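Only one chain is given next, in structure tokens, and it is the form predicted alone.
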């Protein structure tokens, strides 16, 4: 069978579309401390997290990453940037980034994930190509479940966005955990 005949056969045998299930989000509401759960789960997935006064952000980042030289700082709360980026930046030019500092739109307590869109990262590859990633996040911007998070992004512009939970990791090679396999070696969340 040629490519065209395979695609034609697939189109002819597509299953009927089914409606999405109705989910009562209220059934998942819990009276819990979102901040405590979020902090616990960020740590559980290998990230680090610290509550900090917004005026101390640069001081804390310098303390944690004293050797970082090539820094992209897209968060307004940081003035540590040594490299500027914009929408026309060639992603290949970012191959030597030591540290990226971005804002997070919101966090998800159930899995310690942070939503980062193209608005926060400007260059899609930035959160993945950097050695270390720092996300500045308002502790007022937390959701309990992914169900809530999906509701929050359902009306967004349909551009790039990603949930990041901890540093890049994989354990599929001989069941050995490798940190930084496809992205940042570390994820630090600074809660303001």
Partner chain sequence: MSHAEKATIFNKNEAKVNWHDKALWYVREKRDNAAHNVKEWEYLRDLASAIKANVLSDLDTYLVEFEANALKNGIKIHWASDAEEHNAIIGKILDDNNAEKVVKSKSMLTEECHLNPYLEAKGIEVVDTDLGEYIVQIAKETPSHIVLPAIHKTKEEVDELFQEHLGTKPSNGNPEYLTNEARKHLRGKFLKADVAITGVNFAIADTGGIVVCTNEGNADMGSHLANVHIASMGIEKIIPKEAHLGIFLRLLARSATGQPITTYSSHFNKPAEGKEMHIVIVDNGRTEQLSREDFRASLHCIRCGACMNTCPIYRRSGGHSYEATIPGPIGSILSPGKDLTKHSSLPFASTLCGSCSNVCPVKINIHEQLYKWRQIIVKDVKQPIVKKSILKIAGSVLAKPKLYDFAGKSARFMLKYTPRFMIYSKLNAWGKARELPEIKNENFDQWYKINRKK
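Note that the structure is a prediction, hence the values are computed from the model and not measured. Numbering follows the first chain given and starts at 1.
Form predicted together with the partner chain: not shown, discussed below.
Heavy atoms of residue 27 reach within 4.5 Å of the partner chain in the predicted complex, making it an interface residue. Heavy atoms of residue 156 reach within 4.5 Å of the partner chain in the predicted complex, making it an interface residue. Not displayed here, the partner chain is approached by residue 145 to within 4.5 Å at the level of heavy atoms in the predicted complex. With a 4.5 Å cutoff on heavy atoms, residue 129 counts as touching the partner chain in the predicted complex. Along 74-91, these residues reach a heavy atom to within 4.5 Å of the partner chain in the predicted complex: 87, 88, 91.
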